[in-house]
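Single chain ahead, by itself, as structure tokens, in the form predicted on its own.
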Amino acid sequence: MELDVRGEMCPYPAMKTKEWLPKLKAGEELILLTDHAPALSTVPWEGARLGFISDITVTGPGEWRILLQKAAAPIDTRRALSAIAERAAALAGE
């Protein structure tokens, strides 16, 4: 599933992510396209709370792709949130 939220500001990217993640079946993933830097932390954070791991890649100047996949096992949300914050800060600065 791909969700394009380019042009949308917080809280909409995170809200739409939170709406779609529970609908995914095992093995499915959500790809979110965004141009709103705060979504680099809010979207993965919502995913982590629901048991999803995330990966963020730069797709262009000021644009990112966030891949969310259901974790195979329970995740340590505290560790995940710390990693998300570090990665989002690094990407927002690029």
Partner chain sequence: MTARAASVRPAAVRSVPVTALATVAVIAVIGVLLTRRGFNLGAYWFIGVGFGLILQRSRLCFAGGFRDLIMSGDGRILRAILAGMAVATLGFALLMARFVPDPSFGQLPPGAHIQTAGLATLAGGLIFGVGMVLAGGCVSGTLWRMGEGYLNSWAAMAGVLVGLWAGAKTWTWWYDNDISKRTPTWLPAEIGMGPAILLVLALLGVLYAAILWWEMRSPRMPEPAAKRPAPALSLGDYLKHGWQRVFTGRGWSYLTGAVALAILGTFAYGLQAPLGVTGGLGLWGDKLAGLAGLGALPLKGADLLAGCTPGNGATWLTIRTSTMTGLVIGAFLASVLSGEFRLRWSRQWSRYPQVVAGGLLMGYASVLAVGCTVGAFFSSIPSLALSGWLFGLALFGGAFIGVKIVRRLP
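Numbering follows the first chain given and starts at 1. Given the structure is predicted, the values throughout are model-derived calculations rather than measurements.
In what follows, reference is made to the form predicted in complex with its partner chain, a form of this protein that is not presented.
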### Query
Going by a heavy atom distance of 4.5 Å, is Trp45 a contact of its partner chain in the model of the complex?
yes
### Message
Given that its partner chain is not shown alongside this chain, does Glu63 nevertheless sit within 4.5 Å of it in the model of the complex, heavy atom to heavy atom?
### Response
yes
### Query
Does Met1 reach its partner chain in the model of the complex, with heavy atoms at most 4.5 Å apart?
no
### Query
Should Ile84 be counted as a contact of its partner chain in the model of the complex, where contact means heavy atoms within 4.5 Å?
yes
#### Entry: Stretch 10-32 - residues with a heavy atom within 4.5 Å of its partner chain in the model of the complex
Cys10, Pro11, Tyr12, Met15, Lys16
